[in-house]
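What follows is a single chain, given as structure tokens, in the form predicted alone.
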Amino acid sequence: MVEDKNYDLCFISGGTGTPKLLRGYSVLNPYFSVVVNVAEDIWISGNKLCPDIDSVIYAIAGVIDDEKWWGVKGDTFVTHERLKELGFDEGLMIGDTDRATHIARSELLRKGYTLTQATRIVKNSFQVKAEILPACEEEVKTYVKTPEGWMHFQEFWVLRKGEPEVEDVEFRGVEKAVITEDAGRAMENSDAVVIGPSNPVTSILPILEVKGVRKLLKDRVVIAVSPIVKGKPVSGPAAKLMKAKGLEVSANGVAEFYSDFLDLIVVHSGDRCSYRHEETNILMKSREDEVRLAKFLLGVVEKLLR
């Protein structure tokens, strides 16, 4: 059986789409690596929020709120509501259990731990066996240009619900960012790198822009899973963001975006793609779907590594 093969896979992930696939893959093999986007991180109330890292950890641990696909399932919001009563609106709704993760991480950082080290301590507390690795240690911030001016991605997506038109996207600080030793080693030692079905522009591109990442990818077997089905994103603002970067909103557009290092893209059944691809149902509407797609992906890896 394909799922019995112990391939060493390294995933590249944002906070939506890919965590579902990771949850499915962890059923087949709990030991793998994930290099995660940090460009949507933000400091709130003195604590560092790492939305994509936390979504990956929570999903694999089985505690994510899988209706919203962020935060902890069944969380309470006592602290958030009390802060509002005191006249301090954080903007983002941060649950009490989720906030404990942010406080622990931030205290570790203040004590001199790196984000990589702090992330490892946090994920271990959730009994996650996979390696969850920030792409870089440097602060990188995603800003979206709208007709109203530049705004942080969290303001655009959470506070403004992705409604403003998008003219451009930039990653401030990425020019100083370097792939961490741990993330680089995970990619270099992998049998294959899998770019998950996350937003190509705001989830994956900030990782690709980190110094050292593209060079490593060009030397690896790289598979992508499309986040686009029949010309529409499965979720999130990918369409607006791709158009702002001059990309066709399609599986073909995603493949073109990754074409300088991509070996194969997995697309939805019937989707047009002029690049080397495999087709399957990529929609993950249930836990069974997540495992099914993970098994299909392993079959693709096996074909490429023969």
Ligand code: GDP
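All of these numbers come straight from a predicted model, not from anything done at the bench. When you see a residue number, it is the position in the sequence shown, counting from 1.
What follows is about the form predicted in complex with this ligand, which we do not show.
Is there a heavy atom of T142 no more than 4.5 Å from a heavy atom of this ligand in the predicted complex? Judged by the heavy-atom cut-off of 4.5 Å, T142 is well away from this ligand in the predicted complex.
Within a 4.5 Å heavy atom cut-off, is P233 in contact with this ligand in the predicted complex? Answer yes; at least one heavy atom of P233 falls within 4.5 Å of this ligand in the predicted complex.
Heavy atom of D52 within 4.5 Å of this ligand in the predicted complex: Yes, D52 is a contact residue.
In the predicted complex, N199 touching this ligand (heavy atom, 4.5 Å): Answer yes; at least one heavy atom of N199 falls within 4.5 Å of this ligand in the predicted complex.
From the candidate stretches 160 to 168, 223 to 231, 184 to 192, 98 to 106, select the single one in contact with this ligand in the predicted complex, where contact means a heavy atom within 4.5 Å. The contacting stretch is 223 to 231.
Exactly one of A251, A238, V35, V38 has a non-hydrogen atom within 4.5 Å of this ligand in the predicted complex; which residue is it? The option sitting close enough to the partner is A238.
Note that this ligand is not shown here; using its position in the predicted complex, name the residues of 132 to 158 with a heavy atom within 4.5 Å of it, in sequence order. Nothing in this stretch is in contact.
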